[in-house]
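First comes one chain, alone, set out as structure tokens in the form predicted alone.
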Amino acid sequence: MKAIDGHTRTCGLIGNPVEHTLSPVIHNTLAELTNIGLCYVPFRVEEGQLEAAVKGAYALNLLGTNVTVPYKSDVIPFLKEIDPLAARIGAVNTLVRTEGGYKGYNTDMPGLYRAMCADGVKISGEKVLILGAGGVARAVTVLLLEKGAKEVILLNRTLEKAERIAQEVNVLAGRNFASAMANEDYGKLPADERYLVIQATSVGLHPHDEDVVIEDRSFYEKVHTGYDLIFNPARTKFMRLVEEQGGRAFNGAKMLLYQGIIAYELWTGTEVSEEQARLVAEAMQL
């Protein structure tokens, strides 16, 4: 690692909490691998201090920051500019320094797409089920629209939340692309259809390893590929149920890796190789 001196640039993470983050491992490892004088640290920002934090980061000449919960949408009014994809998603997780302020990007969804490509998961032309109807589910629905999925059905405990996302994305699409269904109504799906299913809730996150949105094994007969955005535990119950019914299953570890890599590339203008990505994953112990 390059010595920290007067030329070292600083990047960081804005959020609350930030103590659990793996982002410093990603970015400080990348700085070492690419021989760039950059140091990455987490910044816990208390409620009500977000605007001050963004202005302070700029005043202190920070090259950029990541933004995590609960500020991914709240940060938007404090940006000079926003990337079109981030605007459509309605969430920003990366700030890049520009003249007079920060430009906001969403690298979570490009990170998910890069991870799915690395895992050999196809989106174009696919019929996709999304479990959940929060901000992540909305972002995933927009990504699937952008990447040519055939249709999306959002399954959620509260049908109204899923319907709201479907309506918003259909306005973006200019057509009927997304629809909604209550979790318990999955039996109404065509019996002969198999889907790519993306698990976009926090259900099953450690320490609640044995929780799953839908328990019934008959649901998993409809899944040819399951993608759980959780990465801890590495093999969730959702993944086990998919595999037990003959499907392929993946976790969200590569999404975490690639969203960080894309942010680093935006900050530094470098291109991270797949070999470097593999070394970062080793450092993250994924």
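Since the structure is predicted, the reported quantities are computational estimates derived from the model, not experimental observations. So that there is no doubt, residue numbering starts at 1 and follows the sequence shown.
The following text describes the form predicted together with a small molecule, which does not appear among the structures shown.
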| query | finding |
| --- | --- |
| Contact segment among 114 to 122, 201 to 209, 84 to 92, 167 to 175, judged by heavy atoms lying within 4.5 Å of the small molecule in the predicted complex | 201 to 209 |
| Residue among 80, 147, 157, 127 with a heavy atom within 4.5 Å of the small molecule in the predicted complex | 157 |
| 96, 181, 213, 189 - the one with a heavy atom within 4.5 Å of the small molecule in the predicted complex | 213 |
| Partner contact for residue 104 in the predicted complex: the small molecule, 4.5 angstroms, heavy atom | no |
| Residue 110 within 4.5 Å of the small molecule in the predicted complex, heavy atoms | no |
| Partner contact for residue 136 in the predicted complex: the small molecule, 4.5 angstroms, heavy atom | yes |
